[in-house]
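What follows is a pair of forms of the same protein chain, given separately as structure tokens and numbered structure 1 and structure 2.
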Structure 1
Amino acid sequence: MNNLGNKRRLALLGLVAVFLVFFACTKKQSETSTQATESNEILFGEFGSMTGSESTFGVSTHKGIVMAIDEINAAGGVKGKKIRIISYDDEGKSDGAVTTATKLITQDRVMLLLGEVASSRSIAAGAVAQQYKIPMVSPSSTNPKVTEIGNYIFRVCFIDPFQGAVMARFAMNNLKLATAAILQDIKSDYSIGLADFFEAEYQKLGGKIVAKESYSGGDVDFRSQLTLIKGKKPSLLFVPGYYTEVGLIARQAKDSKLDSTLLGGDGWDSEKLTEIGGQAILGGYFSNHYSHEDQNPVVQNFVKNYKAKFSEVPNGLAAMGYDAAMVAIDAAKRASELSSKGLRDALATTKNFQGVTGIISINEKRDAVKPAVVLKVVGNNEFHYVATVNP
């Protein structure tokens, strides 16, 4: 017994020794790589949901980012330096976002962070970035709170309520519909924000709001609200909710013979929309960040290159990831010095940058001012590009 114990102890000692040597080696390696970085590389960090239930979000964004960086490096990089991206998976969790952002900043010593799609995770990781004064660019977090964290947090997408104004302009200028009813989800800040901005802009343009009614997310019966709205005879019905309720509302509106045109925001963007809404949702319009059908040559060029690289059509998140990386690179080009502080100051003065998702300017709240596209529901999970609405 004793003999065996001694053997075990020896083996353990040996193991520890091996580990020590291993760590010493890796430490040395990482030191050399940092030294290399300082001379000829600019380090960007990315964290996203590469696995988990929202893995498609993270993976698409990652592809867009990688494509942008590859293009710039192929063209010679920035100020004679190549850009290197370090990507980590936050597994779609807020604490994962915090851990990976901290690791990128303190261990990998990146100059700038790119991430996340979900507003909740951008908010969690944004606090870390702000604390260490590392600029962070979110590709597609639309919640207004994200950039309120501090002066190092930026985004290249518009904020939620802006879509309300977009749809109001589209209704008045393109569809020429001058009476509207609103049906909002009283439980969701997103929906209320869109509804309020729609109402303000629509009335400013001379439109008339004849009814503003509410439902609670999760409801299935909207007939009473629709009966009320039908009595006011609006020419359009603005429903800034999520696809499940919107689908049911469309169905019941059709059953109630309410034939107003349906309008909404990017909460509609799901394959489930037409599955639940069926025939009733066809002919509705909603706003979104990007459409691959946009005939703008910048978009078409992006779609062509993306298809060649990944053999699939880029979705909105890939386009936003691409633009986030490109805006960051543009800032690096214009920066007076290649440091986090220099990049932050350059990001804050981004003006009229031509991105795939439109011409982007960063305002004093560090939010992007840019156009939105309007899509029309034409068939089973088919949305066609109709118009671009400028801010």
Structure 2
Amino acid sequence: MNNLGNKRRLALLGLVAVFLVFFACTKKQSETSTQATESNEILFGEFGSMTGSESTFGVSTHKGIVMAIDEINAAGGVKGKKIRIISYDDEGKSDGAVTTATKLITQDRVMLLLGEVASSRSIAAGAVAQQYKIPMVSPSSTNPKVTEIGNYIFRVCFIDPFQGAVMARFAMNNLKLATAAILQDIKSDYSIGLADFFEAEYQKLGGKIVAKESYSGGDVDFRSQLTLIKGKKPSLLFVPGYYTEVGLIARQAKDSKLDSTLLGGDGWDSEKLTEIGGQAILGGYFSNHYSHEDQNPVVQNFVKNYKAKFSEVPNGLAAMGYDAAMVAIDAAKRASELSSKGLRDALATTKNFQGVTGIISINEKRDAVKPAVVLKVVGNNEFHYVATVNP
């Protein structure tokens, strides 16, 4: 009885040993397979406002990024590797941008970040990217503070000093409007910066700022500010905000019978602008990164392919997302090694890259040197090209 029990115990121990060896081999094979799969990929991370009040920014940018990566992968990828994009929704919040950027870097181990659109969120997440030395390319954050964070932070859009000057010159030279009021979002780095740069250039050109009022992003009632502005009788009202508030401001300005031409920046660029603003926003002008009416073959090819993929005309945010991804991919092609540092070094030497939004060169401050366009709001989600302004 005891001998039989020992034999059974030995047999059982033998089976356990065989199982453990088999499990270990299987696990090692699985790990090796995973590592091999990962070695055949270049991981990019994206964070943006896929939901929230400014969701059209994030969704449009995401579509542009996806299109660029799909095109490159279909053509064979980069250095024999396919690019995989991992995208997270930051819900249009600065703390969300920090959380998603941190997750992409520390958990997903991405080599590069694409994002954000809003300057406040890029500034928040940029500090994380710089800390971990992961290159970050913002498609369209225009506040100068974004790239001042450090040498791993880049952008492919123009910056607010240029954008503000563009609209000031357009107001004075093209529209001949010599008195202006400003209504800025006091909670937005983008809005405050753009307002300041517009004001400085406008006054330099001989224009007069007769009123400067503020609101906070998320506000819905602007009547008290508009009443004060109306009393100053400005020929133009500069609103460097996002479409969410701009549309409401336009409606309330019309209701208050404020007879001023509305001007703004690239934060106006959304199909929701005319949905919110209705007839009141028609005739307004804003600076932007590109126009789908541009007859450049590069632009028209992009518009054609985007429409075929998403069944809609691409806006400026989609074009910027596409260009951001393409500039990052170009850096990967030129990098001496496929690492975060290799990508950073290659990004810093980007010169004369032919993008959809113009020829892009990255300067010593890691900002893009490129032109801007001015668009006029003429109908339901219809923005017509008016002028191009070079740096």
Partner chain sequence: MHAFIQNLINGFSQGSVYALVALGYTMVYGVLQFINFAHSDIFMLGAFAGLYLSVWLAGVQPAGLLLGLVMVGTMIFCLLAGLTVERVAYRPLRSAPRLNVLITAIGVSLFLENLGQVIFGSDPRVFPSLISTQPLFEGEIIVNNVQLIIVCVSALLMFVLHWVVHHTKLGIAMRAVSFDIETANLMGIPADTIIAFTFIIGSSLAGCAAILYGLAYPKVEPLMGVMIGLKAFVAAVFGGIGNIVGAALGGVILGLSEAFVVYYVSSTFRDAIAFAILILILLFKPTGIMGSVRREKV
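Just so we're on the same page, residue numbers count up from 1 along structure 1's sequence. Just so we're on the same page, rigid core means the largest C-alpha set that superposes within 1.5 Å between forms. Just so we're clear, the structure is a prediction, and the values are computed from it rather than from any experiment.
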Next on the checklist: Given these two structures of one chain, say which is the form predicted alone.
Outcome noted: 2
Checklist entry - Using the core for the fit, does the CA position of S216 change by 2 Å or more between the two structures? => result yes
Item to check | T100 C-alpha shift between the two structures of 2 Å or more, rigid core reference | outcome: no
Checklist entry - Once you line up the core, how about G231: does its CA shift reach 2 Å between the two structures? => result yes
Next on the checklist: Once both forms are fitted on the core, what is the Cα shift for L258 between the two structures in Å?
Outcome noted: 14.4
Item to check | between the two structures, how far the Cα of F198 shifts once the core is aligned, in Å | outcome: 7.5
